[in-house]
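To begin, one chain is listed below as structure tokens, in the form predicted alone.
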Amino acid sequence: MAGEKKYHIGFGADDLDGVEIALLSGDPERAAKIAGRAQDPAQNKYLECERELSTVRGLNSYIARFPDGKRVLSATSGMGAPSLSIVVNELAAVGIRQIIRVGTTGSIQPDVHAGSVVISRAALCRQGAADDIAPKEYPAAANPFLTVALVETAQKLGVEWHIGLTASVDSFYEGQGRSDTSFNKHLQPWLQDIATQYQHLNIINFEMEAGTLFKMGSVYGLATACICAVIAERVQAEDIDEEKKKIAEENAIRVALQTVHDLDSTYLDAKFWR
């Protein structure tokens, strides 16, 4: 039923009032910032928050409006694929048809620097939640039209961008081969030097949600894409550069929002690309 509020996201189709596109962030503070609800008034510079829909379980969501009246949902997926899979399922149920993930990432290629953005065209998907959506061998690929729109926007805005393959894995520490910053210093043999192994496969970066998002998009008939702020250069160190993180997040948000604003949704229906 249209008025039914979904259990986890805390709102229903009637609350969206026709909005079909969502910007999805793992961090609830980023979702608030995108929607014009940042605590610092100086950061409320892109969208005006029309209303808060829910803060159930920390999955904050907002309807926000561009100056010309176009509206978008800014929502929180939580950390990792299991949480994202719940949110995306319920977003699809209430009428969302396009989703851009706006996340953070660590690069594993020497020419992909902190402060830039990575736009994922597909993912090496090592995620249990994705296996419940489709078989392991099922492609985890982004919507091509939405992905190209992100690239064109990044070019137009002068943001340093990279496009390519992303490694989507379930864990932040062991699964990404972190040993210096992890409590567990004893990685399983196959995870030792995993970043170098993936580097040789021309994978650009690690993150924790895109692969499952892409599989869900193809199975559900949604247009999905992902842009991530590069906040660490794993070829150099495991640590996050906080200053470059701010720059990269700002760039990723700018590109995602401008893409949504300018988007021609003609070719985003699944019938054109499934």
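From 1 onward, residues are counted along the sequence shown. Keep in mind that what you see is a predicted model, and the values were worked out from it rather than measured.
Keep in mind that the form predicted in complex with uracil is not shown, yet the notes after this line are about it.
Considering uracil in the model of the complex, the lone stretch of 138 to 146, 89 to 97, 104 to 112, 69 to 77 in range is 104 to 112 [heavy atom distance within 4.5 Å].
Uracil in the model of the complex is not approached by Phe214, whose heavy atoms all lie more than 4.5 angstroms from it. Contact check for Thr153: every heavy atom lies farther than 4.5 Å from uracil in the model of the complex. Although the partner is absent here, Cys49 sits far enough away that none of its heavy atoms falls within 4.5 Å of uracil in the model of the complex.
When uracil is considered in the model of the complex, Ile231 lines it closely, a heavy atom lying within 4.5 Å. Screening Val235, Ile240, Val219, Ile247 for any heavy atom within 4.5 Å of uracil in the model of the complex leaves a single hit, Ile240. Checking Ile227, Ala31, Ala223, Met208 against uracil in the model of the complex, a heavy atom within 4.5 Å turns up for just one residue: Met208. Residues Phe172, Gln176, Arg178 are the ones in 152 to 178 with at least one heavy atom within 4.5 Å of uracil in the model of the complex, listed in sequence order.
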